[in-house]
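The chain below stands alone and is given in structure tokens; this is the form predicted alone.
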């Protein structure tokens, strides 16, 4: 049993972490919720509005349509990350010559800043001098330049492609770390029991990876559900509302319309949507501890 002196020392050890969490996470959350009850410019005007902004949000379908569009975007991006990430991690887990070089190359998209990635792909999609139009016209696939980011039919797909390219390395590396933590002895035992490669993947690899997959899918889903930077650089939510996901809408409410109260109310609702998604994943894929 710890003495009172040892317990007092322990408090000093955890105090920096507690203060950091309070300052960087708890305080912004509480302050954001506080702002959502006011019509404010954050300086001189603080008119209490109660639940007015929440009632406005739920009284029309505009916010719901943004949430549905964001879920649509998130589902495609996360699915792309897991298909590409799982496939590449299985290849990178093989004992092949020079595999370390490919590991370094494949993680490069994740290392680039999001601003750089957004500007790079904006140049590639440019209808006048972009690489894609030049290549596709050279191959005879299209006759005229396509405005990939300026057309409602292609802008949403283009944003999804860029987001998948940017985010798959993180999923790939997390799954690869999970694969490398599985002991070879387990595979040997499965082989002795008559498991072929497919059965070993189904009955050994997938169950052993499940904790890693659960954490990865929660992190990836929440991250891309509230993603802002690259979509803003590529399309700023346009054309029309084709890529106007909820994070873009919150930014416009706050910094274009200076409606900080409504923007805060929308952000609080997004927080609960993200929490619900994490809870749902744990219930579906977890071990039932919830």
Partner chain sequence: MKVKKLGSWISILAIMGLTLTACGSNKETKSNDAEGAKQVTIKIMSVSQTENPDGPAELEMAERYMKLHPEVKIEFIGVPMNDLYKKVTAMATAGDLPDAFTNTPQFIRTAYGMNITTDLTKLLGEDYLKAFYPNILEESSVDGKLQLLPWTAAPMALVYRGDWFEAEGLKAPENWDEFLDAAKKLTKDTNGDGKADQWGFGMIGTRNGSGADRFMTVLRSYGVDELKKDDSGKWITQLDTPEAKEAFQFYVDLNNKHGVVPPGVTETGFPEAASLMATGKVAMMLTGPNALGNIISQNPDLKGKLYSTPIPMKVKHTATFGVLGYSIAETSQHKEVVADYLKFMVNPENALAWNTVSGRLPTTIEVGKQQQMSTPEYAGFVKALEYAFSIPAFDQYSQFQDIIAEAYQSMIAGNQSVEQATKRATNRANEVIKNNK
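Values in this document were obtained by computation on a predicted structure and should not be read as measured data. Numbering follows the first chain given and starts at 1.
Form predicted together with the partner chain: not shown, discussed below.
Residues placing heavy atoms within 4.5 Å of the partner chain in the predicted bound form fall in a single listed stretch, namely 142-150, out of 170-178, 92-100, 142-150, 203-211.
Mapping the unseen interface onto this chain, residue 137 counts among the residues with a heavy atom inside 4.5 Å of the partner chain in the predicted bound form. Though the partner is left out of this view, residue 66 does reach within 4.5 Å of the partner chain in the predicted bound form, counting heavy atoms only. The shortest heavy atom separation between residue 244 and the partner chain in the predicted bound form is within 4.5 Å. In the predicted bound form, the partner chain stays beyond 4.5 Å of every heavy atom belonging to residue 27.
Screening 128, 108, 131, 192 for any heavy atom within 4.5 Å of the partner chain in the predicted bound form leaves a single hit, 128. The contact residue chosen from 54, 223, 34, 251 relative to the partner chain in the predicted bound form is 251, the criterion being a non-hydrogen atom within 4.5 angstroms. Taken together, 87, 112 and 198 are entirely out of contact with the partner chain in the predicted bound form: none brings a heavy atom within 4.5 Å.
Looking at 241-265, the residues that come within 4.5 Å of the partner chain in the predicted bound form, counting any heavy atom, are 241, 244, 251, 252, 255, 256, 257, 258, 259, 260.
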